[in-house]
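As structure tokens, one chain now follows by itself in the form predicted alone.
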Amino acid sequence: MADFMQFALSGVTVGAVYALIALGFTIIYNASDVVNFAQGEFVMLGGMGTVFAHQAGLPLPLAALLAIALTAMIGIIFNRLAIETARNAPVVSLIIITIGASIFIQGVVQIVFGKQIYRLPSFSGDTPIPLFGANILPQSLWVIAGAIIVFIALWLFFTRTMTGRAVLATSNNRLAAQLVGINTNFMMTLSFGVSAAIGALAGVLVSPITLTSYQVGVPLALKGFAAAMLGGMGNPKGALVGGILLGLLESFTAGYLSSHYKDAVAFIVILVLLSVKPQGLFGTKTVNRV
């Protein structure tokens, strides 16, 4: 029973990180129908930026805020220079642009910061907390709390605010949104900025546990994308649930089978589920009228 609880707590921690990344995918998808594969690099920038700002002498909270703000600015610049200039291109072309941006950001960080692996100090120490016969790190509680808070904020944003509904309207029909007075360019800019900030927050929260380097972005982006697809792309609730489920699946596979199989088993289960329910657990079917 103790082993089961330990695997469960580890899975929820990792799953919360995947959920944060999936929430970043959700925001941009809701605004533009584009899957942004540079989302993982925003996570990496948050962690790396905080490490070097802290090493430069800034207090950890201030270093984290600075890294998140700079990453959000990079997301806005990326939208302005790459996505907006090619907004009339097919969606597949826009996705390829995001992949190119991911490679570019990774290369720049490698040149500037090197190939070393870095670690942030834990926010509340490294003494494990006993829980249900298992142990959980204090930093894991920060990760889980961060994912829940971001989810609640996004759910309220999309369902209770005019700006959030304007973002959804922009995704549904950009021209119609413009005709009713919505500033679609601002909605896109806002979406990329918030998505990048959430990714950076995930990087700040998880770096004390998993370490960070220039190349952590790609695998995190793939896991976040898988979590978003599992829960239902574009649905914040689906992103949260999908991330937690993916983390639990990986943890139990690594614990009871082998860590070598955790990635394969997770994606196999997701493929089987999506073949039965292509829209994901909480996605909705779309109907095209002709």
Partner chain sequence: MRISPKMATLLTLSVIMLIAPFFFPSAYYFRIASLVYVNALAVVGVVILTGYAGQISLGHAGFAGIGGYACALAPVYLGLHPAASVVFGALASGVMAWIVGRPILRLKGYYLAVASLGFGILVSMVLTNEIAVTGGPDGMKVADLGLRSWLSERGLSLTNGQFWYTITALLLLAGAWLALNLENSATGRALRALHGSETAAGTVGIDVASAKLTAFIISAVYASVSGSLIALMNRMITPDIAGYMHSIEMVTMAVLGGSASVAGGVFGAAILTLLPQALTSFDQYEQVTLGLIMMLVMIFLRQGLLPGLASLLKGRGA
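On a predicted model such as this, the values are computed, not experimentally measured, just so you know. Numbering follows the first chain given and starts at 1.
There is also a form predicted together with its partner chain; it is not shown, and the following applies to it.
The stretch in contact with its partner chain in the predicted bound form, judged by heavy atoms within 4.5 Å, is 215-223, chosen from 178-186, 165-173, 197-205, 215-223. For the candidate set M73, L156, V108, A145, a heavy atom within 4.5 Å of its partner chain in the predicted bound form is found for exactly one residue, namely V108. Though its partner chain is absent from this view, in the predicted bound form it lies within 4.5 Å of a heavy atom of just one residue from I152, I77, I95, L131, which is I95. Residue contact with its partner chain in the predicted bound form: L66 places no heavy atom within 4.5 Å of it. Taking the partner from elsewhere, T85 is found to have a heavy atom lying within 4.5 Å of its partner chain in the predicted bound form. Its partner chain is not drawn, but in the predicted bound form it has no heavy atom within 4.5 Å of L62. Among heavy atoms of L141, none comes within 4.5 Å of its partner chain in the predicted bound form.
Contacts between 32-50 and its partner chain, taken as any heavy atom within 4.5 Å in the predicted bound form, involve D33, V34, V35, F37.
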